[in-house]
Structure formats: C-alpha cells, structure tokens
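A single chain comes next, written as structure tokens; it is the form predicted on its own.
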C-alpha cells in the first residue's frame, strides 16, 4: 500500500459497504471546510444539506455521514499537508466517472460559496479538487441573493414558530402581542396556520367579548391565512410569498407584527422566516420535544444532527450573512416547566444549554404550567386583562409569577439584537 493510500484510510473511515461517492463527497466538503479554523454558520448549513441528500440518495446512515465528515475534517486540520494529499488522491480515484465528478465539483463549489465571496485559500482548495478530478473549477462567483420582501414594512416582525405542535405557540404569540400593546406598541398579528387558526379564533372571541365588556378590551388588527387548496406545486411558493409580502405592506404603519406560524413545515412559514427580526420557538420542557430542534443521543448527551426546522433557520441566517442583512435573533422559550426542581429538569437545563451553543439560539424561560392560563382562551382574555377580583382564592401568587414570566419573555424579545420593539400608539 502506498503512503497516500495509507493516509486516505486515515482521512475517511473505512466503510467497506458504503458507496465510494459518499466518501468522496465527505472528502470534498471537508477539504473546503478545512480552510478555516471554524466552520461558519453558513457553511455548516450547506454541509448539513449535503449530508442530508447523501443520506436520502445513497442509503448511508446520517449518523455515519456526520461522524465521517467530522473525522475527515479533524484529520485535515491536524495533519494538513499529508492528509490533504491523501484526500485529493481519494478523489482522483473517482475521476473516471463523469457523473461522480459532476457531483463532487458541485459539493466543493456549494461549500466554497456558502460564505459569499470565497477566500483565496478556499479558491485554491477548489482548484486542487478540480485538478484531482481532471476538471476546471469554473467561476467561483458569489451567489446572487434576491429578496422580494417589501422595502417598507412594519418596524419589527416577530415570528413564533415550532414545527412540532402542542408547545404553547399560540399562547406565546397572543401574550407577546398583548404584552407589547400594554407597553405602548402599535401591534398587528398574522395567523399563518389556516388549518388550526388558533390565533384568529382567539381574536374573534376577544372581539365579541370587547363588545359585551364594560371595560374596553384592545383587539389588535389581525389577519388569518387559509390553506392554498388545490394550487399547483410550482405555484405554491410564489403565491405564499406574494400573499405575505402584501400583508406586510398593508401593516407598514405598525410598530410590530407578531406572526403565529403553523405547527408543521409550510412555504408560508418559510417566507415568514425571511422577514423575521426575531424568531421565538416555544418548546415544552420534555426530552421528546427537543427532537423539534435536533436529533439527540440522550445516553451520551450529544447532538447527532439538526432538525429540518433548525436547518431552515440556519439557511435563512446564512442568506442574510451573504447579503449583509441584519441577523435573525433566535430565542427558544422553555414552556410548561414544572414548579418543583427535579433530576429531569436539571438534565433538560444542561441539554438545552448545550443545544444553545451548538445550534445558535438564546435560551429563555417561557411559561410554566399554571392554573391561571386555563380558561383564558374562551374568554378572549390574557394575563394583562385580569385583576385580583378575577382570580380564584389563593391564586394571586401564581398570577404574579405568571405575569413575571411573560414580562421576562417580553424583555428578551424587546432587547433582541439590541433594538427596542416598543413604540408609540396613535
């Protein structure tokens, strides 16, 4: 065995039954990523997408792909010269297959262009990869980023989203909206969940309660979106973008628009992420619900792979980074926490702290499981509408703690990215 072959075995794990193209893609991605000491958020999102495609098309376990890429990257960083030569040699062995060559070049270019204008070192590595494959690297120009969202819109857009249902998403959106109203902001709401329509139903109920109440109830301007119905697949995204853009334009005179996204993946939600200044993700205090953010090895307390929802957030952050737009501020709010300390609660705290560092969100206490929240929906009320007279006997302490929890989340949203969400009412 030649020296280069020995190093090739060290750069990538020895998968006797795995397709050689998968190993080649890992080598190409790791070579480009090794140009920098850390993998940027944009490159990480691109590489995750590549690993996901390999998992779908090549029949390779995602865990093996993640581990293989990391092993390759670690070897290239610690053994740079020899390991790089070995990786390039492994790619050269695929040069006789035009289809493989095309895929490998696509992988290298995608990772190189993820950060916009690639550095000289990244360009050099792509040239080396192309040379090993007997090809030209092509022009490494920065991708063109288009943005159809309106140049003039509301002051801020806060999107409340989690692709897993039952996490208190609408309750969070309602209390954020009404809390910001109580602080002097002119607020509007968009309900993107045409299937459930929880936010719209709440404000319908609130409007009827306001007509009956002696004390006036503020009902923000709101709009619900219905499902696209039988619209052709090719028309779904442009239609979703056009409807959301028009809604934001209509609400340009508002300080804040609070958006309640559906509890499942949708094109309308993806368009909303593009407009979000702040993304709030409510999460139940449960190990099961953490799966909405990432695949976790609970025994080892290790992150195996980000969830599709997390990848979508990363891709939007990468898009903004390339275009120079302000970053999206991602807050994960820990809802339905118990009142008593427990071993599971401490384990959740440690796990979410790890995820916060790995996935790039700010962790914020959300709303505890409290009796005071029950029954508010069908009365069209929030915590901001209640007085002591409305509370059951002995409920004052719980009510005050609940108000403090909502206030803490409002403070976190208001200071997101160093910009205030409060404004002046007309």
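Residue numbers count along the first chain shown, from 1. Just so we're clear, the structure is a prediction, and the values are computed from it rather than from any experiment.
Keep in mind that the form predicted together with a small molecule is not shown, yet the notes after this line are about it.
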The small molecule isn't shown here, but in the model of the complex, which of 170-178, 125-133, 71-79, 313-321 has heavy atoms within 4.5 Å of it? 170-178
So in the model of the complex, does any heavy atom of residue 400 sit within 4.5 Å of the small molecule? no
Please check if residue 263 has a heavy atom lying within 4.5 Å of any heavy atom of the small molecule in the model of the complex. yes
Is there a non-hydrogen atom of residue 336 within 4.5 angstroms of a non-hydrogen atom of the small molecule in the model of the complex? yes
Taking the shortest heavy atom distance, is residue 184 within 4.5 Å of the small molecule in the model of the complex? no
Which one of 164, 254, 109, 84 is close to the small molecule in the model of the complex, taking close to mean a heavy atom within 4.5 Å? 164
Work out which of 390, 52, 63, 369 lies within 4.5 Å of the small molecule in the model of the complex, going by heavy atoms. 369
